[in-house]
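In structure tokens, the next block holds one chain alone, the form predicted alone.
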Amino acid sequence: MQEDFHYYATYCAACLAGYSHEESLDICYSAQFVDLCSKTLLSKIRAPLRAATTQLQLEMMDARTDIIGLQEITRIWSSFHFLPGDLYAQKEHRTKRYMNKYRLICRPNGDLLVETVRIAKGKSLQHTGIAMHVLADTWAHQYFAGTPSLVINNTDSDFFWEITEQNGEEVRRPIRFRHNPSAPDDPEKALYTNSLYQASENTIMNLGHGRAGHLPDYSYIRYAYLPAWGDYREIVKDNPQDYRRAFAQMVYAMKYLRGETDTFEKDTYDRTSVEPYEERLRSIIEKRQLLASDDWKRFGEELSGKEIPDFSIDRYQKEYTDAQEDKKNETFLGKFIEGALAQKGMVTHAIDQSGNRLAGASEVIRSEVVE
């Protein structure tokens, strides 16, 4: 997902969950900041590098692809953007090496999602925002894994079809890909950018949904494709339906985090709070546009009656850098860092305890969390 959903739509969901305008801003800022909290930024503000929640393109170009480098990549992307749906999934006639990667495939409503929301209970609003980012991405990024893998994340680029409806009948048109990251996607021509095919199993070109480009990040699109992990059999991805579910699940999760409900359960959604706005949500989500920020912003400002400021990556950096060492944890970014370390530690520990070493040893990460 992009800024339109992580920032503006998350603000809307927080308002519907009962948070105030100011609280909703803290939550949605933190949700969006997950996509920007890189080692480069943390180094700039002299914060712990282990709290990184993303990797910049330039960082990825220099990333090591030995076991240590791959473990670092997996810790970040599996913890925050491709939360594994089932660490004990089964598939016949596969090697352990294959299954370790297969079990990292992201899906919604897994055990780790419940734990992601649970560990944010009673914590900061920043931790709530982190959890909402992770929750939302389980819907957009499902069927891809947060570790470099050709056998899992590759797709057949010659078989991508956009699915639309005309006169009550399903219509498919071919989607074409190019490899120029500076060229904008063109929905009207069904022309999109994806990562360049490389046969190496562990190349970063095969991380996450790179082979499908930004299709998972666009709320309006329904498409069919052939994933490697599914033995190149057709999968249909209905983003509008999934994005609506993500929104209703965020409202439900945040009501739990506010203390309005006592439990957070899988496959449960606050449809009661969302139902009065269903047509408005549908119109935003299904509108053919690459970024829906303006529409979500208008909706959020109607809900709260307050102005939503544009996201600024610099907003809280000076507060953090100017704070004394023993007070940094009390700053906005200090609280975000604590939440990020807790989330990364929890996911890494769960992967390690499942017998999968792709994210490294959990003892190392867990010790960093309690430092």
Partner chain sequence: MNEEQTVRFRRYSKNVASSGSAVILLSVWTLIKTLIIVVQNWDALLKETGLEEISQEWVQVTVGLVLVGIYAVLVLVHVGLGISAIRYGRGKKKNRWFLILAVLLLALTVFGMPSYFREYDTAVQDTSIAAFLADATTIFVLIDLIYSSIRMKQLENQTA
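Positions refer to the first chain, counted from 1. Just so it is clear, the structure is predicted and the values come from calculations on it, not from any experiment.
Keep in mind that the form predicted together with the partner chain is not shown, yet the notes after this line are about it.
Check each of Leu226, Leu215, Val251, Leu150 and return the one that places a heavy atom within 4.5 angstroms of the partner chain in the model of the complex. Of Leu226, Leu215, Val251, Leu150, the residue with a heavy atom within 4.5 Å of the partner chain in the model of the complex is Leu226.
If the cut-off is 4.5 angstroms on heavy atoms, which of these, Tyr277, Phe159, Tyr98, Tyr197, is the one near the partner chain in the model of the complex? Only one option qualifies, and that one is Phe159.
Please tell me whether any heavy atom belonging to Asp111 falls inside 4.5 Å of a heavy atom of the partner chain, as the geometry stands in the model of the complex. Although the partner chain is absent here, Asp111 would stay clear of it in the model of the complex, with no heavy atoms inside 4.5 Å.
Does Glu234 reach the partner chain in the model of the complex if we count a contact as any heavy atom within 4.5 Å? Flag for Glu234 set to yes.
Any idea which of 243 to 251, 80 to 88, 111 to 119, 150 to 158 reaches within 4.5 Å of the partner chain in the model of the complex, heavy atoms considered? Going through the listed ranges, the match is 150 to 158.
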